[in-house]
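One chain is shown next in structure tokens, namely the form predicted alone.
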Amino acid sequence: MRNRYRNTIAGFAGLGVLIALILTPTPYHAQTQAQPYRAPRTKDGKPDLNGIWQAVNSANWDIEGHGAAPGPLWQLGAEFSVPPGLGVVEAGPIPYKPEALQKKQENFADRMNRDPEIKCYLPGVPRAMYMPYPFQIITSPQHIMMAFEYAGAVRTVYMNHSDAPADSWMGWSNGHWEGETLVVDTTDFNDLSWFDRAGNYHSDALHVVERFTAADKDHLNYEATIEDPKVFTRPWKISMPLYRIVEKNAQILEDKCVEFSEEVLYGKLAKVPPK
């Protein structure tokens, strides 16, 4: 009888311990932590960023926050109006020097003549990354190619450092991996490309450091730190997600916009027919 009583007490005690374990909250540090996404690997063991990607925002209109507005040609009405956007610039307005801000405002006022996109010129970096066209990333151990639908533009990222032979629209890019992140350092730009249709611009001292990190299989986190001591008072940064184009037949199509801008470029040279 005494043993049966002792066993009963022991059983209640064990049940109590079990209930206490169930009801006691698990300490935060002991909970399963969400692990950062690890991209599939290429044959050389690097994150596989191959694919067709595109930004989905209105940064090509204006990288800073902006409201909806009429387009540059009233004849197009709502068809070419400016969609609103929250902006992709981090931590406040772009830090222009006073004289540089004045030129930006002049660019906007005369954008129909000055915006290089109207003449189908190459978009430069980082603008190429958020124009409303897809682009493809093709990786190899030595080079990473980025092919853009707009104007057939291309970038080559040299994974074994190489020096630029000359200044150019797209600059000269050298890259390396920092864990899951592709870091691309680009210099040697000319001073002709813009950041957007709002007149934001740079000089030939532009230096862009981009970081591409896979957030999951269909999203890249993209950020670019921009430095140009001739135009800005300090470095500043933009960031946005890039989305994978997932259609089965996704591909970069041909968009040679030069033929659409011939009248803008050469119309003034056309012969005037005799009256």
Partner chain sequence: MSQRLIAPPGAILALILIAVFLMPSPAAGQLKLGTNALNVAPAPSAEAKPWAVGKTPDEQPDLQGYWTNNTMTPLQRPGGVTKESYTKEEFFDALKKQAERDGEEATPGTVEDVHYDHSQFGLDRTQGKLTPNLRTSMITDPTDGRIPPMTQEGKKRAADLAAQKRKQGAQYDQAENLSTTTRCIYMGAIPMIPPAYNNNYQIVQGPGYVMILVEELHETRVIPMDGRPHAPQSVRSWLGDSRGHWEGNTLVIETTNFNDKVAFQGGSRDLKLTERLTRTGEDTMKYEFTVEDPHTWTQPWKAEMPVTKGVGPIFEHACNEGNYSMSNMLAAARRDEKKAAEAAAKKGNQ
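Only a predicted model underlies this, so the values are computations on that prediction, with no experimental measurement involved. Positions refer to the first chain, counted from 1.
One more form of this protein exists, namely the form predicted in complex with its partner chain; it is left out here, but the text below deals with it.
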Given that its partner chain is not shown alongside this chain, does C120 nevertheless sit within 4.5 Å of it in the model of the complex, heavy atom to heavy atom? yes
Interface membership of S168, its partner chain in the model of the complex, 4.5 Å heavy atom rule:
yes
So in the model of the complex, does D218 come within 4.5 Å of its partner chain, heavy atom to heavy atom? no
**OP:** Please check if K271 has a heavy atom lying within 4.5 Å of any heavy atom of its partner chain in the model of the complex.
**Re:** yes
Checked Y133, Y96, W172, F108 for heavy atoms within 4.5 Å of its partner chain in the model of the complex; positive is W172
With the partner omitted here, the residue among L101, V82, V183, V154 that in the model of the complex has a heavy atom within 4.5 Å of its partner chain is V154
| in the model of the complex, do M145, K248 and E262 all reach within 4.5 Å of its partner chain through at least one heavy atom apiece? | yes
In contact with its partner chain in the model of the complex (heavy atoms, 4.5 Å), from 228-236, 210-218, 58-66, 36-44, is stretch 36-44
